[in-house]
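This document starts with one chain, in the form predicted on its own, laid out as structure tokens.
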């Protein structure tokens, strides 16, 4: 049953990492949004936002993906000035909102287009970017009724670098978790990178692994303080840290934030459920 909420049609930007590696996280996000009275549409032609290419220095290729992304979501919004695009990644949202306008302006000039055409692409990127909202930002605006007072579950929230530094989202997701009955356990050097960085984790894997191990060392201290789960709104970070835990044969639960909220909505979230999810991950 849907909770009472403001009816709206949302466009889901699932991101390529969730689509390829954890589609159940996108399914959970849809469940959460629908429960709050929204209709969720998934533009099937969506692709990667281009962040991987952009961060690796392939700006021409990133611009190709950006133009496609804009065309797909412009069509999906169908001139609805009140439409929203919910992004399941802070870093992807930052790419669209912060990087697209200048990237496409410069790329158009590099391709020999006129300044007028370059400005047109910049403005298109800005207009679409204004409709993009990161999932936890949206969730903070659309709280369900009858929130639990306490679940008795301690979680560590990892805030990705792009989400923190480019979007300026810092404590909001932790407040959302607290609103839904979680006890947020602090972690040392919370603003430190997890080491993922997209292609960086492959080209500079030794450094990337060392940074992840530092983060997991801090996580170990948080676990001693009662943390029973690691979560994030950026699956790239979560997948990186979860992968490192798997390499260590450590079954500590690592769960995308939409999955936590979906289980809470259903009244099914327990420590045992988290542990079962962790064991299932290890078997797969």
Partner chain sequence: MAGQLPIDSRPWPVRRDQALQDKTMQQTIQFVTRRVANAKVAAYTAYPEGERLRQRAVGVKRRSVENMEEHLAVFAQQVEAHGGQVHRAKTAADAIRTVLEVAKNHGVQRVIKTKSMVTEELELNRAFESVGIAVRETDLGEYIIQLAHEKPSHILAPAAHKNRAQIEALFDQDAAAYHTEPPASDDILALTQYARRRLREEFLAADMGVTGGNFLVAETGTLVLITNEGNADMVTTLPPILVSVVGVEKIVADWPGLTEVIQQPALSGVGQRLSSYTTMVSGTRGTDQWEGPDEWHVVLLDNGRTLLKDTPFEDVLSCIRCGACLNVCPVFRQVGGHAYGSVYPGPIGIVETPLLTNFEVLPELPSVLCTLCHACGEACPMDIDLPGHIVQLRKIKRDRHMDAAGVTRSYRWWARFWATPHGYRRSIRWARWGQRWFVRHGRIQSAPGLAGGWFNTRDMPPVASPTFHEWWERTRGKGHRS
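Residue numbers count along the first chain shown, from 1. Please read all numbers here as calculations on a predicted model, not as lab measurements.
Omitted from view is the form predicted together with its partner chain, to which the following refers.
Trainee: Taking 4.5 Å between heavy atoms as the contact cutoff, choose which of 229, 222, 70, 30 touches its partner chain in the predicted bound form.
Mentor: Only one listed residue qualifies here, and that residue is 30.
Trainee: 123, 110, 130, 74: which sits within 4.5 Å of its partner chain in the predicted bound form by any heavy atom?
Mentor: Comparing distances to its partner chain in the predicted bound form, the residue within 4.5 Å is 110.
Trainee: Would residue 19 count as touching its partner chain in the predicted bound form under a 4.5 Å heavy atom rule?
Mentor: Judged by the heavy-atom cut-off of 4.5 Å, residue 19 is in contact with its partner chain in the predicted bound form.
Trainee: Heavy atoms within 4.5 Å of its partner chain in the predicted bound form: does residue 260 have any?
Mentor: Heavy-atom contact with its partner chain at 4.5 Å: absent for residue 260.
Trainee: Although its partner chain is absent from this view, report whether residue 244 comes within 4.5 Å of it in the predicted bound form, heavy atoms only.
Mentor: Close contact exists here: in the predicted bound form, residue 244 approaches its partner chain to within 4.5 Å, heavy atoms only.
Trainee: Residue-level question: is residue 119 within 4.5 Å of its partner chain in the predicted bound form, judged on heavy atoms?
Mentor: So residue 119 does not count as contacting its partner chain.
Trainee: Which among 175-183, 149-157, 133-141, 162-170 is in contact with its partner chain in the predicted bound form, heavy atoms within 4.5 angstroms?
Mentor: The contacting stretch is 162-170.
Trainee: Does any residue in 176-211 get within 4.5 Å of its partner chain in the predicted bound form, counting heavy atoms only, and if so which ones?
Mentor: Read in sequence order, the residues that approach its partner chain (within 4.5 Å, in the predicted bound form) are 189, 192, 193, 195, 196, 197, 199, 200, 201, 202, 203, 204, 205, 206, 207, 208, 209, 210, 211.
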